[in-house]
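The form predicted alone is given below as one chain in structure tokens.
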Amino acid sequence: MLRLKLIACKALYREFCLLTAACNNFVDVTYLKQGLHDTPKLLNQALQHEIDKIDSGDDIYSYYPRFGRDFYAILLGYGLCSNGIIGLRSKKYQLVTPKTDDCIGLLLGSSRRYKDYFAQHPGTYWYTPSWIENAYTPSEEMKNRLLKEYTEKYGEDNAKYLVETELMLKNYKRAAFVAWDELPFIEHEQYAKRAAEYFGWEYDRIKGETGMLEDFIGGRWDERFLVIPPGKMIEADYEGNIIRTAQ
């Protein structure tokens, strides 16, 4: 059994909760709020801060490594996420992170499957249970909430402009809901369907796969994952592998 520390985005909250509960490894999880990748520098700083605290043993969220029960590795439950993970390093532990652009590849089971779908269907907005619960996902409900919030702060005319600017949905044509059989939440899929109808988008239900995330926390790290030795850092790879270990 491996003892692993996982730092993950709440965009994967339900999925990781499900899988870590059934994993043979000990997986200690810290979740960071969704949306940090909107400001990649902020995401990078937050992740490096958590890693540094784990390195020093001062992380208040982690099981303290006593009696020889230290962590084998720190797992980063993120994709490239707008380069938010570039430059991260641990002084003490190896880092392990999936080679994906963002979390959708993880939920679909492979980065290749995600890229193939994107090539066939550009302009797709993705919906998942954890995204719907932890983020502003486009819908009539969300638009009305934003409009109410901004009207109270900035006035009606400014609010309408800010909402349209923030949503920036003109390039989207399709709503895709990633459905895991293991998380059969009908209300989440209904939310995605209503959003597609409201915006006049096509709707697609895509069966997700748990395998990549199961292998990630299970310690089965093959070419789909980057394993970075202590002291080394993550850098972008522009030759098809998304990320690599900096030399």
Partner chain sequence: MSILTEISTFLQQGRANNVKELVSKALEEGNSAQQILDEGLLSGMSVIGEKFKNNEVYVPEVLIAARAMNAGMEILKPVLISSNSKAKGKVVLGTVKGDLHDIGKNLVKIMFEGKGIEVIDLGVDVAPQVFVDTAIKENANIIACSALLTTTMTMMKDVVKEAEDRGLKGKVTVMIGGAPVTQNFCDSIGADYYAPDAASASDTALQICQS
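Numbering follows the first chain given and starts at 1. Since this is a predicted model, take the numbers as computed values, not measurements.
Although not depicted, the form predicted together with the partner chain is the subject of the following passage.
Only one segment in the set 67 to 75, 133 to 141, 119 to 127, 90 to 98 has any non-hydrogen atom within 4.5 angstroms of the partner chain in the model of the complex, and it is 119 to 127. Residue contact check for residue 41: one or more of its heavy atoms lie within 4.5 Å of the partner chain in the model of the complex. Using a 4.5 Å cutoff between non-hydrogen atoms, residue 110 does not count as a contact of the partner chain in the model of the complex. Mapping the unseen interface onto this chain, residue 114 counts among the residues with a heavy atom inside 4.5 Å of the partner chain in the model of the complex.
Interface residue remark: residue 162 is counted as part of the site for the partner chain in the model of the complex, having a heavy atom within 4.5 Å. Contacts to the partner chain in the model of the complex (heavy atom within 4.5 Å) from stretch 221 to 246: 238, 239.
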